[in-house]
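Below, in C-alpha cells: the form predicted alone, a single chain.
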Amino acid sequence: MLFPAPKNSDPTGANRVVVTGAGIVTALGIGWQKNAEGFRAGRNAFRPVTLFDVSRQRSKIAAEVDLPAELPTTKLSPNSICRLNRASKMLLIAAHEAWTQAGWNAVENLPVVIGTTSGEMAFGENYLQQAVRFPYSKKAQPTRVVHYQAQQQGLDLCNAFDFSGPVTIVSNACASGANAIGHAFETLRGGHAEKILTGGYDSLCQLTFAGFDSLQALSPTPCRPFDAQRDGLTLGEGAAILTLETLEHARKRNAEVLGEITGYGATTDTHHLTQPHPEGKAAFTAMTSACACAKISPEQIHYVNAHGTATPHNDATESVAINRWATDYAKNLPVSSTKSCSGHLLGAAGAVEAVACLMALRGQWLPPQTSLHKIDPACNFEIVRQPVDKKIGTALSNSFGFGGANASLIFRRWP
C-alpha cells in the first residue's frame, strides 16, 4: 500500500509531532527488543521482592528490574555516576537508548519534561534511617538531600548528554508519565520548541510499597486486570523516554520516525482522593478529548492500552468509560493492560505504556494478558488474551491516577 507524504502540520496550522527515539527499562528487560518480546508474548516479570524487607507486608511480590553492572557511556563524571541510585540509573539507561536512536546532538535550550511520583525516594529513606540510628552523623546526608529531589534527576540528564534547557517535572500520580508526554506534545504542537526529551520513571521503594499495601491495594498474587476475581495491583519499576520532534524538524535532518502522537486529553476527577467516579466521567472525557484532538472517532482506534490496574474500583470504572466512549464499536475493540506484564510503574506507567503502543504499531501485534482467568462481565470490549498479529494503525493509551489525574494519548503508525 502506498501512503501519501504526510504534511508538516494539520489543517489548523498546528505542528505534527513525531517520535524519533524510544528507550525503555522494565523488569521484562533493558531496551526496546527485550521489552517488545515480553509484551508481545504476554510474559509477566513478577517475583519475590529482594530490594527491601517485605516480611510484614501482605504482598511480597513485585516486578524488579535487573540493572546492568555498568551504565552506558555519557558525559557524567565518575563521581556523579557513583551518586546515582536505582531510579536515576533506569532513567539514564532509557534516555541513552532514546538519544542514541534519535541521533541527537548536544544543543542549548532543549526542554526536558519528565514524570515521576517518587523521584529518588530511596535517598529519603536512607536519610531518615541514618538520622534515626545515628542522629549526630552527617556522613553522605547532604548528598542524599540533593539527589532525593526530582529536579536533580532532570539535571542529571542535562549533564549526561551535555545540553541545557528548561526542566519540567510532572508529579501527577499514576498519570505522571502520560501527562509529561502530553505536555511535551502540546508544547511542540503549539510551536514553542522543535524537539523535547520526555517520559517517566520510578523505582520500587519501601515507603511506596508499604503504603499501597496498607491501603490493601496490592495483590498477594500477580495482578489480573479486568478479571472478575481481581484483588489488587502489583507494583513494578522502570523508565521510558521518548525523543519528540516536530515533523518539520525531523524531516530536515532525515530522521527515522517510530510513530506519531496525534491526540492528548487530560481531565481531573474530583469524586474521591483514591476512588474514581463509578460512572467514569473524567476517564470518558479524557478519551473523548484525545479523539477530538486527533480529529478521529472511537471507531478509528484499533487498540486500547488500558490503565487496567486490577483493583476492583479502577477496572470497573474504566470498563464503564470505555463502553460509553466506544458505544456499539466496543465489542470489536481490542483492549489489554500491559501492567499484567510489567506491573504498575506509577510515574513511569504512562510512558512505558506509550512505548508499548509504539511497539505494537510498528510490529503489527497486540499485547496480550495471559494471566486473565475469567473476564469481568462489565467489559463489553474484547480483552486480548493470547499473542496475536494484527494490522493496526492507531492506538490509545489510558493513564488514570490517584487524586483524579486522567490522561489519554493517541499514537498513529508511521507510513
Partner chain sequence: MVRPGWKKPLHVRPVPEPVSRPVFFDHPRLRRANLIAQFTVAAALEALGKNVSLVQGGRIRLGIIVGVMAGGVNYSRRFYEEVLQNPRTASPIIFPETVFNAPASHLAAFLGSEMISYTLVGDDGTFLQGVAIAAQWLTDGKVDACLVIGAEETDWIVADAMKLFRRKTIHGAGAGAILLKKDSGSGAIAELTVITDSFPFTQSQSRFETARRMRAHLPSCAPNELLCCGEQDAAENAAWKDWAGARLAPKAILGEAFVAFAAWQCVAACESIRQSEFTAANISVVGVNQQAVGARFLACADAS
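Residue numbers count along the first chain shown, from 1. Only a predicted model underlies this, so the values are computations on that prediction, with no experimental measurement involved.
Below, we turn to the form predicted in complex with its partner chain, even though it does not appear here.
- Although the partner is absent here, His183 is a contact residue: one of its heavy atoms lies within 4.5 angstroms of its partner chain in the model of the complex.
- For Gly165, a non-hydrogen atom is located within 4.5 Å of its partner chain in the model of the complex, even though that partner is not displayed.
- Contact check for Arg251: no non-hydrogen atom falls within 4.5 Å of its partner chain in the model of the complex.
- Contact annotation: Asn159 falls within 4.5 Å of its partner chain in the model of the complex, judged by heavy atom distances.
- Just one of Leu215, Ala228, Ala292, Ala106 comes within 4.5 Å of its partner chain in the model of the complex, counting any heavy atom, and that one is Leu215.
- Of the candidate stretches 127-135, 241-249, 337-345, 295-303, only 127-135 has residues with heavy atoms within 4.5 Å of its partner chain in the model of the complex.
- Contacts to its partner chain in the model of the complex (heavy atom within 4.5 Å) from stretch 22-58: Arg56, Gln57, Arg58.
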